[in-house]
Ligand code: ADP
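Only one chain is included here, represented as structure tokens and corresponding to the form predicted on its own.
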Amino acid sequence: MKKVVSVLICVVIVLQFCSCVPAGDTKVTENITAMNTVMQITVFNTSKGTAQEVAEKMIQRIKEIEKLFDANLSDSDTSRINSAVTELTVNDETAELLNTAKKASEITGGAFDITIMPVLKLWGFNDGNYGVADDDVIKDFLEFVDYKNISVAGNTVTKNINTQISLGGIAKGYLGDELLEIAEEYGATALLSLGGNIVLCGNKSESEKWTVGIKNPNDTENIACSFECDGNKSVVTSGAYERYFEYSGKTYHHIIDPKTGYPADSDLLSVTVIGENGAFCDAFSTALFVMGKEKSVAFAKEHNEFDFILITENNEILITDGVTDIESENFTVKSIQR
């Protein structure tokens, strides 16, 4: 029996998993709501310490990072950056993540942009007070959206006074990288469910990989495809079906195109990025959805350090060469030639 993981909306559902734990191994599961996301930490076994010790250390790390990055906490570095200041000193980790985010923005040509917060607020995706703004208002607020308006030198952040950031498209990826380090420190086999992000820590055995299932964007009760994946990797999925609201008979999803200020008009239904750097996986999954099929295929060909699974509106699944043993009943699977 295989370990099967499904990625859907803000929850990763583990199917047929408990019976897969080798005899004699321990299993500890801890749940926590943090960074506006329900998270689940499952530790199966360790070579050092206990599974409970590993899980508790991971929970502590989640709380530490939430205090730095959660925009809903008034004393977080994110909230301090979003205040009407032009220069401030931030924590080492915040500076590191901001530099990573700026690099991701550069690599994606601005399709990922952490300074999108002013426009997110217009749509209500920051606090749940949804609404559709006028074109002129969106255009005005877009003047504040540009990752080049924020710079980092050591621990000093300098920005335009109107610049505000949202780390929602990269912070969970960074968190996953930090938790994976803890798992590696303890020699732990673990599954980390961080909303639309999962982190696979180790393998069930030396010869068995994980089997990951991606939910069908058209029918979220079912899986679009499943594939084999090595451990010590992040698997991050972004799609319009994750978070949205309806107004006057029209659906508006949460993935905003930084160039237009509107929900991305994409011919992709979902994007999954697989790699060892969870922060970049997180940012790239958002960016590629914004880019659409053609630009995403070109991007995937240029970045061999990651693997990609693109589900298109034409019922195709496009995969890179590192995606193995993929199975799908309702989609046509095609390879992206690198």
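We number the residues from 1 along the sequence you see. Bear in mind the structure is a predicted one, so any value in this text is a computation, not a measurement.
The next section is about a form of this same protein that is not shown, the form predicted together with the named molecule.
Just one of Ser296, Thr46, Thr286, Ser270 comes within 4.5 Å of the named molecule in the predicted bound form, counting any heavy atom, and that one is Thr286. For the candidate set Ile255, Ile214, Leu98, Ala188, a heavy atom within 4.5 Å of the named molecule in the predicted bound form is found for exactly one residue, namely Ile255. In the predicted bound form, at least one heavy atom of Ser238 sits within 4.5 Å of the named molecule. Under a 4.5 angstroms non-hydrogen atom cutoff, the named molecule in the predicted bound form has Glu242 among its neighbouring residues. Remark: Ile62 does not count among the residues lining the named molecule in the predicted bound form, judged by a heavy atom distance of 4.5 Å or less.
Taking the partner from the other structure, the named molecule in the predicted bound form has no heavy atom within 4.5 Å of any heavy atom of Gly261.
The stretch that touches the named molecule in the predicted bound form, counting heavy atoms within 4.5 Å, is 286-294, out of 46-54, 286-294, 62-70, 308-316. Residues from 150-175 that approach the named molecule in the predicted bound form with a non-hydrogen atom closer than or equal to 4.5 Å are Ser166, Gly168, Gly169, Lys172, in the order they occur in the chain.
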